[in-house]
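Heads up, the chain below is alone and in the form predicted on its own; it's given as structure tokens.
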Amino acid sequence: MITARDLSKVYGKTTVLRNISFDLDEGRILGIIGHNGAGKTTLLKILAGLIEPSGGQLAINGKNALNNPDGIRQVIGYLPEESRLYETMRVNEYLTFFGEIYGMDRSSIRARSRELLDWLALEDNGKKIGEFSKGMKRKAAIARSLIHDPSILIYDEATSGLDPMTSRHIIDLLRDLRSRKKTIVLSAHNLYQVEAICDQILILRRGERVALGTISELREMFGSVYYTVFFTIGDPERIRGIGDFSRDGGYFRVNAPSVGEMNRITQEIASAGGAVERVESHYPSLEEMLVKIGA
């Protein structure tokens, strides 16, 4: 669906992106993360056909996107971080305006608008867009990005500045879009959302690709899993050789750096007359990964 090879962008003497490559299949979500200035928005604008790369190749749906940017834009829905809406318009007028830009006839626009407004729980209550809440404005911008039923969505900070309930609703909408075989590329500062929804994650640092993979693959790259064993025992003095352990509420706890060590510790506890209550797995988070790579 999307094939990017060695995409680069240079402004004067400043290299914003350097040799970014990835593949993304239909019905998958790619999350792009990195510190401010990493090149996320520049990459999204290149994918959306809004700016030309200084070098590299980009194919969308098997077609060269750099040779025919206007044609490619017909299959893309783009959502910028800051949606500049026509606030004097009502939402139906807004969607009609953009539907006509995409060459849709009036009956198709009306049917598609009703479908989107229902799906987004966005009422056409006669208000002008400028009177909408921030969450409603974001939904209007999402509806605009979907009016022509694109197969690829490029979303820059889809939940930026929204309250937790509205953010959660939009994340659920993105899951629904994936189930409808939409291919989605998004950036987000909310790393928990990226972990929860993305099939692949691309980490950028100063315009360069640091890592690309599933969350499981990234965890393997940036740190091993460790385990915490919670247990009870009548006489803690009977335990030997499990390392430092501490009391945690009504339990004792001890960390194990591997499955093998965790098994050895649980056997030691059982041999000493204790009982293992539970074992928790701990993985490096995306936030910890970004801290590790630095700005």
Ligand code: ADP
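These numbers come from a predicted model, not from an experiment. For every residue, the number given is its place in the sequence shown, counted from 1.
Form predicted together with the named molecule: not shown, discussed below.
Residue contact check for I269: none of its heavy atoms lie within 4.5 Å of the named molecule in the predicted complex.
When contacts are judged by a 4.5 Å heavy atom cut-off, G39 counts as touching the named molecule in the predicted complex. Among residues of the shown chain, R253 is not one whose heavy atoms approach the named molecule to within 4.5 Å in the predicted complex. Taking the partner from elsewhere, H35 is found to have a heavy atom lying within 4.5 Å of the named molecule in the predicted complex. Only one of 230 to 238, 256 to 264, 39 to 47, 64 to 72 places residue heavy atoms within 4.5 angstroms of the named molecule in the predicted complex, namely 39 to 47. Residues of 1 to 18 placing a heavy atom within 4.5 Å of the named molecule in the predicted complex, in sequence order: Y11, V16.
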